[in-house]
Each structure stands twice: as structure tokens, then as C-alpha cells.
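Single chain ahead, by itself, as C-alpha cells, in the form predicted on its own.
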């Protein structure tokens, strides 16, 4: 393949509308699409549903960024390794990855997450109270969508209520695109220091929280637990916030909240927030979709491409809350499938019920074409969502 065959790819959503029309073009091409990243690296883009799932389950394909050829487009875009951050287990392959999942799975079962509903409802109600106390309009992203998951995760980890404003403030710095590298580094340093201190306290005075239970389980070292807490904080915060905000926009266009599991699954499929996070590299020669991918070549499975594959989802560009979208890969697939997916579903459900029941006149305060979507980030979402009621 010559350089003229390369497709430039910025490792971000190409732009409106979503799904990006480029993804449909990529799907229609035979085999895979060879793309050039801004760093000059070349990668294979995978857009068809069947092939994305194959990439995410093939043991010859790794999520470990220490392997030669793993896509690392820049310092702030790309996965850290478990060597950089002990406990950052999403960057580990089996069998190392399995120890972390074994420790965490009992805390993220459907039954366990259902038991958290009253606590999440309290957080959502309090967040709506604080938002409405300011007047009859707000930026839903800043005043609600970012706050709810931060408070849920801090509660899950056992952060004392008096410290949750600090926790939320530092978390927002990490996930806000306008933050500088220096600001993110400082916020990360402060959070890690706080989490390490919290782990030390919980080891002496355990409570009914995730950190205490993981300490008691004995499968993770305190240093690994610190990294796990940071991973849950970062992975679960902006992803959930983006899903909440985008879902509000889509549901308001439907003129009603369709309160069932199918609507949540369809929102997850339709928006595919974590489109570009599943970076991979081949550690052996492997054939994908008829294309030979050599050992050491980077691979980018496009989640939104898979979730809008017309071979799997009829009229995929339409939001259809009556469809069964359970085959989507919004949370990944296989051994690296998101552990916190049931928590994200719960937060979305409680957030929509709270907003639409308490604010029946909720509406977007600007024309839809003026909304600023996150086309410049790895995760898709909204920079702001002006609303009124």
C-alpha cells in the first residue's frame, strides 16, 4: 500500500452529523482501512460490527500500550500502561488482567448496582435542587451531568461527604478539554495523594465501600488499588456525563422520556460516546476482514462504526427506542468490556427520570445547530448544554 492510499485520521470524531459519514464509507471498502495519525503513525481502522467484535476478543491483539506499534498519537491522547500507573488494568492482557476483574466483578454485579439506586436518586435530587436554586436556566453539562457521576463515584469509593467538593473539583479538571497538561498533572497528583491517604485510613477503619472491600479481599496491593480508583474515577466520570447530556438532547427531540431499558440501550448505541478508546496492536500476524495485519501494526476499532452497521441495526442513523440494541459494543466487548456498564445505565436512568419528572418544561435554550459537540476529544459529548425550564 502506498502513502497515497492512506486516509488521514485525527483520532477524534470527524464532525457532524453523527455517526460520521466517513465511517459508512470505511465500512463499504473491502478489508480494512489504512490510516495515518497526526503523529505520522499508521493504523488499521476497523468499522464493521463483526470485525470490531473479533478484534476485541482475539488473543493475538493486545491492549497493552508498551507493545511496539501501539497507537500513541500524543502525550494527552492515548492509554497509560500498568507500568506507568499500577492498577491501570485496562492496559493489561490476560492472564494479568484477570486478577483485577476477579477482584472487582462482585462489586459491579447487576444486583449490587441495583442496591445503589436510592443513593443515586438522592444525588440526582440534590443536584437538581442546587441547579434550580440558581434560577430558571443552567448549563446542564456543568451544573448537572458532570456533578452526578463524580458524586456517585466518590460515594462508591467511600469518600467522606465533607471531601466530595474537592473530589469533584479535581475530577472536572482531569476530564475538561480546556484544562492544560500542567493543570491535569497537578489535579492528578492531588487526587492520587488523596486516594492514597484514603486507602491508608480505610485499611485501619474499613467501611461499607469499594475501597474497604477491595482491601479486605486481599487480591490487590494498596498501590494497585490507588490506580484502580483513579481508573474508575476517570473512566466512569466523563463517559457517564457525556451519555447523560447527549441523551437529554436526543430525548427532548422525542418530546418524551421513554422510561425503559430499551431506550437506554438505544441511546448508548446511537451516541457511542467511547468511540475511539479501544486502541489495540497486533502481537502476532492476524487476518481481520480478509486483511493481513502484521505483528506490531496498530489497530483502531471504531465503536460508532460498529454500532451503526446496517448489517446489524436497521436504519442505524435513526434513534429508535423501540428497537432491541442489546448487540451494541458501546461498552466494548469480550474480556475488556466495561465493568461499570451497569452503573452507567443506572445513572442515566435515574438522571432522566429526575430531570423530566421534576422539570417537565425542560428545553434546550439555543438552536440545536449552535450546540458545541466534542469533536476535538477522544470521548464524544457536549462542551455545554444551555437549558431552561
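Numbering follows the first chain given and starts at 1. These numbers come from a predicted model, not from an experiment.
Omitted from view is the form predicted together with protoporphyrin IX containing FE, to which the following refers.
Item to check | Residue (of 274, 148, 281, 131) lying close to protoporphyrin IX containing FE in the model of the complex, criterion heavy atoms within 4.5 Å | outcome: Spelling it out, the residue with a heavy atom inside the cut-off is 274.
Item to check | One residue of 319, 166, 108, 194 in contact with protoporphyrin IX containing FE, assessed in the model of the complex (non-hydrogen atom, 4.5 angstroms) | outcome: Flagged contact: 108.
Checklist entry - Is residue 236 one of the residues lying within 4.5 Å of protoporphyrin IX containing FE in the model of the complex, judged by heavy atom distances? => result Yes, residue 236 is a contact residue.
Checklist entry - Should residue 340 be classed as touching protoporphyrin IX containing FE in the model of the complex when contacts are defined as heavy atoms within 4.5 Å? => result Result yes; residue 340 sits at the interface with protoporphyrin IX containing FE in the model of the complex.
Next on the checklist: My question is simply whether residue 335 lines the interface with protoporphyrin IX containing FE in the model of the complex - judged by any non-hydrogen atom within 4.5 Å.
Outcome noted: Because a heavy atom of residue 335 falls inside 4.5 Å of protoporphyrin IX containing FE in the model of the complex, the answer is yes.
Checklist entry - Is residue 90 close enough to protoporphyrin IX containing FE in the model of the complex to count, meaning some heavy atom within 4.5 Å? => result The answer is yes: residue 90 has a heavy atom within 4.5 Å of protoporphyrin IX containing FE.
Checklist entry - protoporphyrin IX containing FE isn't shown here, but in the model of the complex, which of 354-362, 42-50, 26-34, 323-331 has heavy atoms within 4.5 Å of it? => result Heavy-atom contact with the partner occurs in 323-331.
Next on the checklist: Using a 4.5 Å cut-off on any heavy atom, which residues of 231-245 would contact protoporphyrin IX containing FE in the model of the complex?
Outcome noted: Read in sequence order, the residues that approach protoporphyrin IX containing FE (within 4.5 Å, in the model of the complex) are 231, 232, 235, 236, 239, 240, 243.
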